[in-house]
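Let us start with two forms of the same protein chain, each given on its own as structure tokens and named structure 1 and structure 2.
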Structure 1
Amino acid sequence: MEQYPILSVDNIFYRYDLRDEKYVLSDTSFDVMRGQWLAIVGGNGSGKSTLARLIVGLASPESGSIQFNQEEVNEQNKQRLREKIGIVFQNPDNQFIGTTVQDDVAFGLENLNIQYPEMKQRVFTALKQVGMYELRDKDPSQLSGGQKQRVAIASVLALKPELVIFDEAFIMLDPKSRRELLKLLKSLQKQNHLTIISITHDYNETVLADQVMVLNDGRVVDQGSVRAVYNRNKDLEPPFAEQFRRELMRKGFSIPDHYMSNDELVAWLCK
């Protein structure tokens, strides 16, 4: 097994404008190991989305470094590293560049000047992975929000990335599409050995992660397992079972005072 992290964010500072007093991110450091799923949570204005932009090279930190596979991300290599780091944004409509599903997935490959036979094969493979192959000729007006986000994921997968960032990518979807897409992510993490960073508010998403990181006011305030993070941070909205456990405790029941998953709660209630 490899010993080094796939992504290593070290001591970064960032502000929109050098005249601003306030830093959007200050002294932010964390590592992500290969194949891991890291969920980043935090309120509005905590700097989550800015962090995502820095990792994919849409902006550069004022100081500190971001290393991908032990290589520092800079102006010279960011174009090359972009193939390895993908990102899916919030708005399903605004990230659909092509006129049809398959054109959209091909866009990134066209930019790499990949020749037609290989391109076709990579587009079709990616579409099959997200379950959109049958709909490859459709245009965006014929697709639901969830389907458009599947296409966005396929567009990223076609570039064969090692790390994919989901920047509140499912917030505009209905709960059902959201759940289906999360299931898809989990299987991609396993089958494609994908490393995932998901920026989210949704507790259904954090419980799938291997690690949760809490960002507050541009600083990393906590990082650990789902269990540990919800135990330590009582102001985060926890999964429903944990909400229920806390409600029971508040009403004076002698339920253990630590995080409980759904199954654990049901087991305790039925003992």
Structure 2
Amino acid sequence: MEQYPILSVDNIFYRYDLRDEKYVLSDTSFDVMRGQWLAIVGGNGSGKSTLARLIVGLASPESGSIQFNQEEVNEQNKQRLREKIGIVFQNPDNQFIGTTVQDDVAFGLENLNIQYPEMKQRVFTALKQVGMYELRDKDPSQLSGGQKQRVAIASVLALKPELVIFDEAFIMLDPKSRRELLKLLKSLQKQNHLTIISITHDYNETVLADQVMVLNDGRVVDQGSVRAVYNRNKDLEPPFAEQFRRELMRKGFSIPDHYMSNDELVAWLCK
């Protein structure tokens, strides 16, 4: 059975001001397969967050097309399609509405007129998945940064989206909280066959992704597996394990001459 991408971005161009000759995104094309995790990396001004806005229909490309589930996103259908796409931003405080954790997760479901028994079950399941059910009666403002992001993720999961976008969602977290949330996302991806797009300028956040796409000055300069992208682009700042591997090579150690994941590097060091 032929598989189709859940998301297809085809030759899009976008600029904030039509009088400006400079495009924020130029000739941008890529596909995301269902159940895949795509990490989009690039420096400030590379067009990453603008791309997220276009995907969720908060803006429209000047030319080119975006297809979700083989349906081109347009003014007529973008509201309906947006219900199947969740987005988590870098500051969860901007997304909190409810006075308790469970009220906040239920808010989006109330807007969709979900019946109370189903709403209760969805809130329970989502909070369990992110490990926040025991804090369901807490005021969100009293939570730590990592806990707030877990609630933001639960609020999105409760809506049962097919695609979730994380737009610099972990930038404000400490390294331990970031690692824990990335592992949680990998688990949710596998459990729910969830499609994930994570947008970041921190290359350590790409280690668990299935694919990495590199944006530079509004253009896609590379896309492929984590291993392939870092092998081809020696100028990219790699994840910590790859930095360590390269440093060992420079010091003359006989280490494999290709990208290594955290697990692969640890296995090699333990030989």
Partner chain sequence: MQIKFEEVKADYQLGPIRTRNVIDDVSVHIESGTFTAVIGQTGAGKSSLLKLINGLLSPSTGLIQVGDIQLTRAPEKEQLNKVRKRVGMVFQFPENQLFAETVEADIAFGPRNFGFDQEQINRSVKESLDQVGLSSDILNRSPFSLSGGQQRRVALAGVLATKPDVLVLDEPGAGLDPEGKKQILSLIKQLNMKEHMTVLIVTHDMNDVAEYTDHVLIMEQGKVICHQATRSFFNQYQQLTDFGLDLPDVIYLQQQIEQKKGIKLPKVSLTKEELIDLLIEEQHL
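Because the structure is a prediction, the values reported are computed rather than measured. Numbers given to residues start at 1 and step along the sequence of structure 1. Superpose the two forms; the largest set of C-alphas matching within 1.5 Å is the rigid core.
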{"item": "Which of the two shown structures is the form predicted alone", "value": "2"}
{"item": "Residue shift check between structures 1 and 2, rigid core fit, L25 Cα at least 2 Å", "value": "no"}
{"item": "Rigid core fit then Y230 CA moved by 2 Å or more between structures 1 and 2", "value": "no"}
{"item": "Core superposition between structures 1 and 2, C-alpha change of N204 at least 2 Å", "value": "yes"}
{"item": "Rigid core fit between structures 1 and 2: Cα deviation of D257 in angstrom", "value": "3.8"}
{"item": "Distance the CA of V266 travels between structures 1 and 2 [rigid core superposed, Å]", "value": "5.2"}
